[in-house]
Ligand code: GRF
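Just the one chain here, laid out as structure tokens, in the form predicted alone.
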């Protein structure tokens, strides 16, 4: 991988399918980014196993190992910083990041709904309950709120008459993987700027 490649630290809490999509994309030098480490908030998950199979360094920082949430926030930020990332990607990471991480690095997150509709932990369930005919996924820059950061990209997914939460979520996750890989690649190759809530690809002054 080129020394000019954007360095990614990917955070996971589960099976790591978004991580795998990023690992697969980064295998092509033209993608412009490399996964330099994978972090997790729990042991024994497939996301960590995927990283280990790919030869990517891993670390685990468990909330339960710290006396207070602020201590965990600082410890996690320190572990991330040790890998000198240009960008941190939450790929199914089930903890809200604290100020020590958010103030030090740009952080990407995904959400299985078309924000600002249906934020929070149950976006798919809430969309079905509301009766929408179209939902989708969002890639955003994370901030201190819950799914409130500047929106980078969104893609729609139709809601079918016979959908339940599991079926709809699987279709959203398939779309989300492609959207996330595309966004990370463009950020790596083109750069980006943020003005207020407005995200734009491309470096300032171009």
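Positions refer to the first chain, counted from 1. Everything numeric here is computed off the predicted structure, so don't read it as measured data.
The discussion below concerns the form predicted together with the named molecule, not included here.
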item	value
Pocket open vs blocked [the named molecule transferred in the predicted complex by site C-alpha superposition; 2.4 Å, backbone or C-beta, 3 atoms]	open
Listed residue that, although the named molecule is not shown, lies within 4.5 Å of it in the predicted complex (heavy atoms), from 129, 134, 104, 94	94
is_contact(residue 185, the named molecule) in the predicted complex, heavy atom dist at most 4.5 Å	no
Partner contact for residue 171 in the predicted complex: the named molecule, 4.5 angstroms, heavy atom	no
Close approach of residue 193 to the named molecule in the predicted complex, 4.5 Å, heavy atom	no
Interface membership of residue 85, the named molecule in the predicted complex, 4.5 Å heavy atom rule	no
Residues of stretch 104 to 138 in contact with the named molecule in the predicted complex (4.5 Å, non-hydrogen atom)	110, 111, 112
